[in-house]
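Encoded as structure tokens, the following chain is the form predicted alone, with no partner shown.
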């Protein structure tokens, strides 16, 4: 088991964000989490990576509770994890190559020449060429997303957490990003959690798909089953109906 989440609860300022989450992820498996804004999807990713400590329950990575590790052990754990931010998360003060090898510079004290070539190779694998010296502001939104993904895979992570990697992109670019993620999965065999609102992307990427609502993981099932289930929450989300248990306005 790569990730094992048991009875996870997270409160912030006396407001319950995550409610009794249970989820297990196998090696090489891609889980897609759907749900409306504010349902807890991103907070679950941030809790998995250790940015938030749960009030109760546990997050185990490789059978180790991430919140019971020493700082050194937690750093070693994080080296095996990549995170793709919703808005790419590139540093404006660094060029694209420097962004891509940001973590490598810390963990692998290689020469500048080696790091630059590594950045070029990673960018090429993400479908980007001749952008290494550019600033993030010089790239389109889709190119920034690809650069963010290149950075996330720089250390060949065993786990990839992706927060809405196609947000704000048109359908063609979204599909291109999905194809890129499939290629990465096949190449480095990562276990992946993808947060998205895009059903087409979910169906393309997910081995299993889960729906979150109001901090709860309502259900998680094989993608083919998700397409057919008559679960009232999933049926409403899948069809986009206004009527159902998921309120339009909270």
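Numbering follows the first chain given and starts at 1. Note that this is a predicted model, so its numbers are computed, not measured.
Separately, the form predicted in complex with a small molecule exists; it is not shown, and the next lines address it.
- The listed set 185, 208, 60, 36 contains one residue whose heavy atoms approach the small molecule in the predicted complex to within 4.5 Å, identified as 36.
- This chain is drawn without the small molecule; in the predicted complex, the residue among 43, 199, 221, 49 with a heavy atom within 4.5 Å of it is 43.
- Looking at 222-230, 238-246, 7-15, 20-28, the stretch with residues near the small molecule in the predicted complex, meaning non-hydrogen atoms within 4.5 angstroms, turns out to be 7-15.
- Heavy atoms of residue 80 never reach within 4.5 Å of the small molecule in the predicted complex, leaving it off the interface.
- Using a 4.5 Å cutoff between non-hydrogen atoms, residue 135 does not count as a contact of the small molecule in the predicted complex.
- The small molecule is not drawn, but in the predicted complex it has no heavy atom within 4.5 Å of residue 74.
- Mapping the unseen interface onto this chain, residue 86 counts among the residues with a heavy atom inside 4.5 Å of the small molecule in the predicted complex.
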